[in-house]
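A single chain comes next, written as structure tokens; it is the form predicted alone.
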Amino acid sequence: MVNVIGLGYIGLPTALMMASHGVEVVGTDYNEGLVATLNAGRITFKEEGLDDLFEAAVASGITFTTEYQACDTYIVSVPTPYDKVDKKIDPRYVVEAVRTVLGVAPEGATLVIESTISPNTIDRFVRPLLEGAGRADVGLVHAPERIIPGNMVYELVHNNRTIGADDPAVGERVAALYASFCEGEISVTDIRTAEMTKVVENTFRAVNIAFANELAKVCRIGGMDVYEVIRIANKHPRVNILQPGPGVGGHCIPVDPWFLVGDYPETANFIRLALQTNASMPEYVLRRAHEAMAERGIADLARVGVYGLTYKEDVDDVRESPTLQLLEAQAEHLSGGAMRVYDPWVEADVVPNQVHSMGEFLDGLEMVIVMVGHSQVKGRPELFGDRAIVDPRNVMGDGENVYKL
């Protein structure tokens, strides 16, 4: 039996996928409300294909509880935030989960850390727990997740995976467990390499995005179209520049690379600069909007709306959302009213001045900042009438009333 600890954006799909492929699974989470919702037959966040996967897993016998189980394999998939001062990983959720697992795990159990962690986290924080508990019998593994909200179900099946283990035999056994549903290549390596590989993957993307964002700023000053520049440059067979945007969100790209900066502050200088560039974009968009307001003669921020709260299109995930960062910058730097906010994917009230229909959102607005390219509006500027559109994601097409980065 497998006990999946943590039923959030990563743990729940993993548990459901294993259960639907014949693995006996119990999902555990400390959140009683979340567990009650799952036991009532409802999923806890929106994701394409997740409803069908949930039904298949329930039919296969998955159960949900707040209690840790006595079983042969544990998969820990809990949050791993970072300290925003020293940039180091905050391992408290992983540590607490491991400590609780060790209290119930039978002899010879396997402990899999799926949460994204910085290199040496297991050596510094997890291994000492096993040693202190006298649990040399527990097999230790790191199997970092590799999925993205909006395409989780597909990527769980098709993405390659990495399994890091002290004992190659334990690593192969865990690889076989993931192979119950994963059709991608599964690489078995040591734990430290697995830790580093996952962080490096997200850091590579963060640096590429930062390059595109800096290009956008340079081209704006130089009077060039950054999108045309990137389009042509990407015709080179060895160039693949990503698109600039209003910032980066989610758990992975804006968070994981900081682990390297925090652990190697004297060395990871290039990475630090890239992350600072990405972090500057929400405020840059706000300045761009202020320029457009001045050009259009809009004096009151109450006449400006922000479309999109999530960190990417067609998901309900607002973690590290660039919109939240933009609203913080607005509160700090601008006065004269508050911008209205709408996101069709976000049902809960997340911020002040949030509304829950497009009609209520647009009423009385003269300008809209499109922070997220949800399919509801992508390529459809006519939905906003003759209002000015600030389009930092380049999803609204061209027009006299469209202001890009």
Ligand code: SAJ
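It should be emphasised that the depicted structure is a prediction, and the values quoted were computed from it without experimental measurement. In case it trips you up, residue 1 is the first one in the sequence shown, and so on.
This next part talks about the form predicted together with the named molecule, which is not shown.
S.K.: Looking at 299-307, 179-187, 236-244, 100-108, which one sits within 4.5 Å of the named molecule in the predicted complex if you count heavy atoms only?
M.R.: Among the candidates, contact is made by 236-244.
S.K.: Consider G249 of the chain shown here, and say whether it contacts the named molecule in the predicted complex, taking contact as heavy atoms within 4.5 Å.
M.R.: Yes, G249 lies within 4.5 Å of the named molecule in the predicted complex.
S.K.: Answer for P119 alone: is it within 4.5 Å of the named molecule in the predicted complex, judged on heavy atom distances?
M.R.: It does not: once the named molecule is placed as it appears in the predicted complex, P119 has no heavy atom within 4.5 Å of it.
S.K.: May I ask you to state whether R205 is within 4.5 Å of the named molecule in the predicted complex, using heavy atom distances?
M.R.: The answer is yes: R205 has a heavy atom within 4.5 Å of the named molecule.
S.K.: Any chance I209 has a heavy atom within 4.5 Å of the named molecule in the predicted complex?
M.R.: Judged by the heavy-atom cut-off of 4.5 Å, I209 is in contact with the named molecule in the predicted complex.
S.K.: Using a 4.5 Å heavy atom cut-off, which residue among A165, V78, V174, I253 comes into contact with the named molecule in the predicted complex?
M.R.: Of A165, V78, V174, I253, the residue with a heavy atom within 4.5 Å of the named molecule in the predicted complex is I253.
S.K.: Scan K87, R135, K312, R288 and let me know which has any heavy atom within 4.5 Å of the named molecule in the predicted complex.
M.R.: In short, K312.
S.K.: Going through 381-405 from first to last, which residues have a non-hydrogen atom within 4.5 Å of the named molecule in the predicted complex?
M.R.: Going through 381-405 in order - heavy atoms within 4.5 Å of the named molecule in the predicted complex - there is one hit, R393.
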